[in-house]
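One chain is shown next in structure tokens, namely the form predicted on its own.
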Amino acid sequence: MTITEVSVSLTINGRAVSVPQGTSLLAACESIGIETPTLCWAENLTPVNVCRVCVVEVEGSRALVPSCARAAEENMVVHTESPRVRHSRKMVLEFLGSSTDLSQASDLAVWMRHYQADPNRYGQTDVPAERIVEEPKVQDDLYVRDYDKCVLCYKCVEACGDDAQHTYAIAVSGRGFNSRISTEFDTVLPDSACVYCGNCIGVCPTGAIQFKTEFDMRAVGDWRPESQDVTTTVCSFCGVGCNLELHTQDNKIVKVTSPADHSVTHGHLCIKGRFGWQYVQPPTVSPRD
């Protein structure tokens, strides 16, 4: 018996679109080449609908709807660049930029220029005094946490939890301006349930969690993404077949990621795959040693 795929027809920005039933509005927009800003969404995570930069206007709907989680419906009429949508996206970006360090959020910078978002409209862009401000936490040689760059998109929490690792080492702690991503009882990472898979790094959009190698190279002004090559290979530690993306600069590996669309990893790795590459380039040892 042949199973017929059920499709729904809708209109996006005046264009007729037909997509499989259950397709999100975000995916429907992508199918006709319409780019939509996202922050808390990732193709390998469950939508959590917290950032609201992907909202679109649906005729007949009182409020703007998150395109990442709202499914396309028959005869929907959607607008992605209406004055209401543009104003909402601009304000969200300005609110984020007025209270958070977005200096390493390159994707957001593009959209801020697109919507002419100016965080300075809200006055001083320093982090509010009542918010907990901390120096980047360097607790080991693998990765660094910098709360001043965190936009509470929940991606790291999802990757640590049901969507990937099932370790549940981190969650949202505190309220209001004191909200932050924290381990249980705010213990240091080495004493927490963290297994150092680094999947939180793989999904972080702002550099709030990043490789120690990247952090150190940025600190001395030597981080040059435009000079880096990315080579896809297969992890050599076991027989699962995880794909690795080796980011190299000056013929040295500086970090490792994995393709989000790979059928084995879906962008996620274990500690060996993400951090176990040092043996490829061991430190130079003098003959006397």
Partner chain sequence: MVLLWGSNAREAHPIYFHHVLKGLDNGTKMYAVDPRRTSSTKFADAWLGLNVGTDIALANAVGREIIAADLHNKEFIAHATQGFEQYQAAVEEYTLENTETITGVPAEAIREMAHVYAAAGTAQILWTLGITEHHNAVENVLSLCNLALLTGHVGRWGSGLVPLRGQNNVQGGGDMGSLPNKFPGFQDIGDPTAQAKFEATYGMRLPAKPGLHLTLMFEAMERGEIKGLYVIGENPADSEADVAHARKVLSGLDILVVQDILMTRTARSADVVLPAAVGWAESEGTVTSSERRVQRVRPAVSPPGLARQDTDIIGDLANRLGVDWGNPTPQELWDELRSLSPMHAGMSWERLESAGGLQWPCRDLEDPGSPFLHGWLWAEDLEGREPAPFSVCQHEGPKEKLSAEFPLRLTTGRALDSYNTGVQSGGFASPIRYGDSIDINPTDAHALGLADGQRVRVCSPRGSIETKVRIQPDIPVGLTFTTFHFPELIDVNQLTNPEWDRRSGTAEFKAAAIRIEHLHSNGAKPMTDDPALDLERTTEPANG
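Positions refer to the first chain, counted from 1. Since the model is a prediction, treat every value here as computed from it, not as a measurement.
Here the subject shifts to the form predicted in complex with its partner chain, a form of this protein not shown in this document.
Within this chain, L102 is remote from the site of its partner chain in the model of the complex, having no heavy atom within 4.5 Å.
Shown alone here, H262 lies within 4.5 Å of its partner chain in the model of the complex, counting heavy atoms only. V17 falls outside the set of residues with a heavy atom inside 4.5 Å of its partner chain in the model of the complex.
Its partner chain in the model of the complex comes within 4.5 Å of a heavy atom belonging to C242. Picking from 158 to 166, 201 to 209, 214 to 222, 105 to 113 the stretch near its partner chain in the model of the complex, with a 4.5 Å limit on heavy atoms, gives 158 to 166. Shown without its partner, this chain lists A42, V58, C29, C235 as candidates; in the model of the complex, only C235 has a non-hydrogen atom within 4.5 angstroms of its partner chain.
Contacts with its partner chain in the model of the complex, taken as any heavy atom within 4.5 Å, map within 189 to 221 to P190, C194, V195, Y196, N199.
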